[in-house]
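In the block that follows, a single chain appears as structure tokens, in the form predicted on its own.
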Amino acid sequence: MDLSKRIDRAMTRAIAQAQGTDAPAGSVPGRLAAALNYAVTPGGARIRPTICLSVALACGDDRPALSDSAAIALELIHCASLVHDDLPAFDDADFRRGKPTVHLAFSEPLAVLTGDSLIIAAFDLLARTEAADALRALQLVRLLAHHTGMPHGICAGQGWESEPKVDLRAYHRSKTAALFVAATQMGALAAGHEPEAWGELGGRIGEAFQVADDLRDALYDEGTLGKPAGQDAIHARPSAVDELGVQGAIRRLQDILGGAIASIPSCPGEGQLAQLVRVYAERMTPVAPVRV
């Protein structure tokens, strides 16, 4: 099955479960249930679950149902973080993926609850695994928690924005790279491989993605991004462009990507995984400034 279709099907099942579609009519809050689906669709590139499943496949993917749960749990956490990031208390964004953000479409209280519910759904999904997969599932829960919370997960990354002095690399490592490290490590673990060796690849992809995001924020317009542009400058957030300038940030991006493929651990699907990284490298690199 095409990975995008595999991810979409698994996400549909997970959201239906979180919405309580098997519950009696009128027994669940309908607007919150609708907001859960709104927050995860359209899915965008689904980069993190694609990387997770690609690593699982490269490692043999001996338990595909568990790999699916790992990939979707990761994406649910990512979507929850976007819902919360867009709130007035943080970025106060009006658009995400080309449509109104959840707090504008459903209200701010429901947006908070949507993000919270997606986080709970992620861990619930991993907890519902088959008994034969219980040990791997528990390890997946611990990995996901590590890369989501404090002191080094995406919550820590958001927390850096409230510090008077910011360590840019630590900020990027937590805010963006954490879930990419989770993607590579959880994919390997779901397929029965040791996750530690996969951390460097995830870290490199994540750091590259953040630098590329900084460049897009500085160079592109809202129509191209599908979300507000120039947010780093507006909110005085640390960024690679602010620290290094545009050309310096592009050079850093190229340096990071140059080492990513070399960091792929030996595995049966190493060649195909290297090609996937090359494709993402091409997509991530901004081709030309388009903001007017």
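All figures in this text were calculated on a predicted structure; none of them were measured in a lab. We number the residues from 1 along the sequence you see.
Another form exists, predicted in complex with a further copy of the same chain; not displayed. Remarks below refer to it.
Heavy atoms within 4.5 Å of a further copy of the same chain in the model of the complex map, among the stretches 219 to 227, 30 to 38, 55 to 63, 245 to 253, onto 30 to 38 alone. Under a 4.5 angstroms non-hydrogen atom cutoff, a further copy of the same chain in the model of the complex has residue 23 among its neighbouring residues.
At a distance threshold of 4.5 angstroms between non-hydrogen atoms, residue 117 is in contact with a further copy of the same chain in the model of the complex. Taking the partner from elsewhere, residue 200 is found to have every heavy atom lying beyond 4.5 Å of a further copy of the same chain in the model of the complex. At a distance threshold of 4.5 angstroms between non-hydrogen atoms, residue 99 is out of contact with a further copy of the same chain in the model of the complex. No member of the trio 95, 183 and 237 reaches a further copy of the same chain in the model of the complex with any non-hydrogen atom inside 4.5 Å.
Contacts with a further copy of the same chain in the model of the complex, taken as any heavy atom within 4.5 Å, map within 149 to 164 to 149, 150, 151, 152, 155, 156, 158, 159, 160, 162, 163, 164.
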